[in-house]
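Read the single chain below, which is given as structure tokens and is the form predicted on its own.
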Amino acid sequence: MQSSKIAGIGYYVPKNIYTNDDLSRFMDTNDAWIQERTGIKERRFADRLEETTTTMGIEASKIALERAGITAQDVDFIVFATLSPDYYFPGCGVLLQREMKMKEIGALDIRNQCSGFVYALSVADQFIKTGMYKNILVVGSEKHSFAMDFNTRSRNVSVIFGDGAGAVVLQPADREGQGILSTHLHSDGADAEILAMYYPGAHANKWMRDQPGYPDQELGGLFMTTEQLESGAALPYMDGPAVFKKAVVKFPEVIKEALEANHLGPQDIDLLVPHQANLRISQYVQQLLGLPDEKVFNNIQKYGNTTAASVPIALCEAWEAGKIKEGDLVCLAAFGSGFTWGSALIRW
């Protein structure tokens, strides 16, 4: 069966830099508090009126296509991962297809949050393996800043996230043993509500019945009230310590699963590129696997958590910095809301 390889890669981050000190102007926080808990020093925020999840994805895609030596007209299929789409529907895949003037190809949107890119890469890999498509554009892009609440009540969430996009072009591998060796995907919805954005959603009304300000009128129950908006019912919710406890278990598990499936061990990894959720999580996983600093790539310090975009942004930065060479064994891993998690093992 034909394996797939990453033929081109690119990333884009907005020019607007917001440091921890900048955020302290809006909420009760400080640089030391944020760095101690997350490792983040700064993040990028998109231009509120000019940049969208789609436009950032396009910028990353242009670079990936150029490096792959193909044009937008050569793309057979699009897989677009994001939790912050431009519209509730349709998804960003068709918007990217329109703006890049591609042929009437298929566009699939992936909603797996932080593990979205790994899921998207796995889906694209299957299409290449079966011979259905030859040039697949895989995009992870996020514009979190438009939905963040920059007040003290939300600081445990809003200090973490940033905006950006990454993209790869997947093609059939040139030789046996090259490219994506395997992907491994998992989910467990038992604790879905400890990291979620409940509204908008059909289930949100059921959850909101116990929240302050919920109206008694039947029709009024279909909409959010001013009281609910002010209470933060429409904002993302995260139980940080609970998420951390799950992540430090599932991250190493799924990495070891990928290695064992290919009869390899942690010592065979040339570079681990984890989803940039929290520097403390990455450091814990690194220690557990016994990997030296030079074998783990982190850039959360500069960009924060860009969820579905974090893995391709980090992968591209590592490649541009010369940390990934032909023949290297690269492991990608991610864990996020759902909960969903996954890994991909790649022979570059």
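Please read these numbers as outputs of a predicted model, since none were measured by experiment. So that there is no doubt, residue numbering starts at 1 and follows the sequence shown.
Only in words, not in the display: the form predicted together with oxa(dethia)-CoA, which the text now covers.
Proximity of 183, 254 and 346 to oxa(dethia)-CoA in the predicted complex is absent: no residue of the three has a non-hydrogen atom within 4.5 angstroms.
Checking 275-283, 47-55, 290-298, 66-74 against oxa(dethia)-CoA in the predicted complex, the stretch whose residues place heavy atoms within 4.5 Å of it is 275-283. Using a 4.5 Å cutoff between non-hydrogen atoms, residue 150 does not count as a contact of oxa(dethia)-CoA in the predicted complex. The closest non-hydrogen atom of residue 118 lies beyond 4.5 Å of oxa(dethia)-CoA in the predicted complex. Residue contact with oxa(dethia)-CoA in the predicted complex: residue 241 places a heavy atom within 4.5 Å of it. Interface residue remark: residue 126 is not counted as part of the site for oxa(dethia)-CoA in the predicted complex, having no heavy atom within 4.5 Å. Residue-level contacts in the predicted complex: of 196, 100, 159, 258, one residue has a heavy atom within 4.5 Å of oxa(dethia)-CoA, and it is 159. The contact with oxa(dethia)-CoA in the predicted complex, taken as any heavy atom within 4.5 Å, belongs to 37 out of 37, 323, 302, 62. Along 93-108, a non-hydrogen atom within 4.5 Å of oxa(dethia)-CoA in the predicted complex is carried by no residue at all.
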